[in-house]
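Heads up, the chain below is alone and in the form predicted on its own; it's given as structure tokens.
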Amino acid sequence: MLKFNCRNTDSVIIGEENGLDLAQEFDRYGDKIAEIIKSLNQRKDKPEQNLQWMNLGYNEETVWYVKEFASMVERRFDNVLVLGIGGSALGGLAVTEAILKPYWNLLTPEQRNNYPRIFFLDNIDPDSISALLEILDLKKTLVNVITKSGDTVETMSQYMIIKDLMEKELGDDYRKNIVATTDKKMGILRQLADQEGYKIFFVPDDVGGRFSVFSSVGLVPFALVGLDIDKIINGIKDIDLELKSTDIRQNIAAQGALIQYLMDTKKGKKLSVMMPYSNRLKYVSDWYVQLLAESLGKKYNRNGEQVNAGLTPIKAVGATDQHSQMQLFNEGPNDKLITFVRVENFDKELQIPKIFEYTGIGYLGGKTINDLINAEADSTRVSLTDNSRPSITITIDKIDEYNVAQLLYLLEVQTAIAGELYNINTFDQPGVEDSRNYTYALLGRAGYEGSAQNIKEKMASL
């Protein structure tokens, strides 16, 4: 299981001004936390609660269909191209970057065990899209179009471009190169997939994009590049049992959520830094940024009161950001809670040779890069406590399907509990809808004519 160390948020370590009396707070909030955890688990099977993501570790039918499809297309494609944005791409990117061999797309087919390369088009930058399409052989590329709503403008515009190119290059056979992941009942992509005859996977009802990584949204691309999705599912199931505990002292997601909430509301720590000490976990920080920002950043609470709740997430990676952001973290405004992710056992051990022993760097000889990066993680944590800066450390045994799944699921549950503490709707995103509707209006979508005139007038005055 993951190791969770929150001692460096305790007032005994960093002082009363910036720290919490954890024993006292766990006692004070113990009953409330127990009610929240009980309520989340009771509501997860009910419609319109947006908690079906808590059941994804038990969806054996989806796992079977995904594995069957991956087996059917094995060795048929050189590339997998994922079209998606936000939750439709960030989870897939985070997990594949973590678990696949580093520099996966630069390896030979033999080094990849003949699994395809994988690319994510998660933005609509015309230069990036054009450059990627120039180097991909679309005849040997399987395109996974992911949008639950079925009309996400960024994803569907990418799809329209690529579908047109594929049809020109492959004729009617292009349909074999596209797989859609979308809503089961409605949406433009669902309709087009039926008409065109694409293979379809479904995003379960009541699963929002930022909580969808363990649905078919993530499992399809994972299986296509050879990840062991059984290990992913087993990791979720094992930690889910632990996170069902209503005792805050036994539930690390509850501890993390309460500390996060109290550091914000009592100690003014409104910035949340995610800092893994591993390049392979770099995109976990990107995924976490969306999870935290969209889930907790809300104007109103459930009582309709304006609260402007939320933490501002910051992504970092160790040891790189010790040489860029750590100066701010240690000596700038004391308004941050930093979460470190530490890896106990890396896949490789890299020895530092015993050379230059007559110089000031000779002491490094005979040690390993593994020793160095974990020494940097530990020393950074200590230096923060010297400056009364709170931090949490999550340690994973190694980077594999089982452990990465546990890490992401822990952060999902922690965020859900935090949302209950803030008394906000963790699962909507009304602030995103405004700009989305304005985009529809500017591009001439039917039904948005009034909005088009309104936004043009506003733009003229800006």
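Because the structure is a prediction, the values reported are computed rather than measured. Residues carry their position along the shown sequence, with the first being 1.
What follows is about the form predicted together with a small molecule, which we do not show.
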| Even though the small molecule is not shown here, does it sit in the model of the complex so that I85, T147 and T152 each have a heavy atom within 4.5 Å? | yes
| said: If we define contact as a non-hydrogen atom of the residue within 4.5 angstroms of the partner, is E294 a contact of the small molecule in the model of the complex? | reply: yes
| said: I'd like to know whether N50 contacts the small molecule in the model of the complex, with contact meaning heavy atoms within 4.5 angstroms. | reply: no
| said: With a cut-off of 4.5 Å between heavy atoms, is G209 one of the residues that contacts the small molecule in the model of the complex? | reply: yes
| task | Verify the contact flag for N425: yes if a non-hydrogen atom of it lies within 4.5 Å of a non-hydrogen atom of the small molecule in the model of the complex, no if not. | result | no
| Among 163 to 171, 238 to 246, 209 to 217, 125 to 133, which stretch has residues whose heavy atoms lie within 4.5 Å of the small molecule in the model of the complex? | 209 to 217
| query | Just one of T62, Q429, T393, N41 has a heavy atom within 4.5 Å of the small molecule in the model of the complex. Which one? | reply | Q429
| note | Answer key: of Q290, S388, N279, Q322, within 4.5 Å of the small molecule in the model of the complex (heavy atoms) is Q290
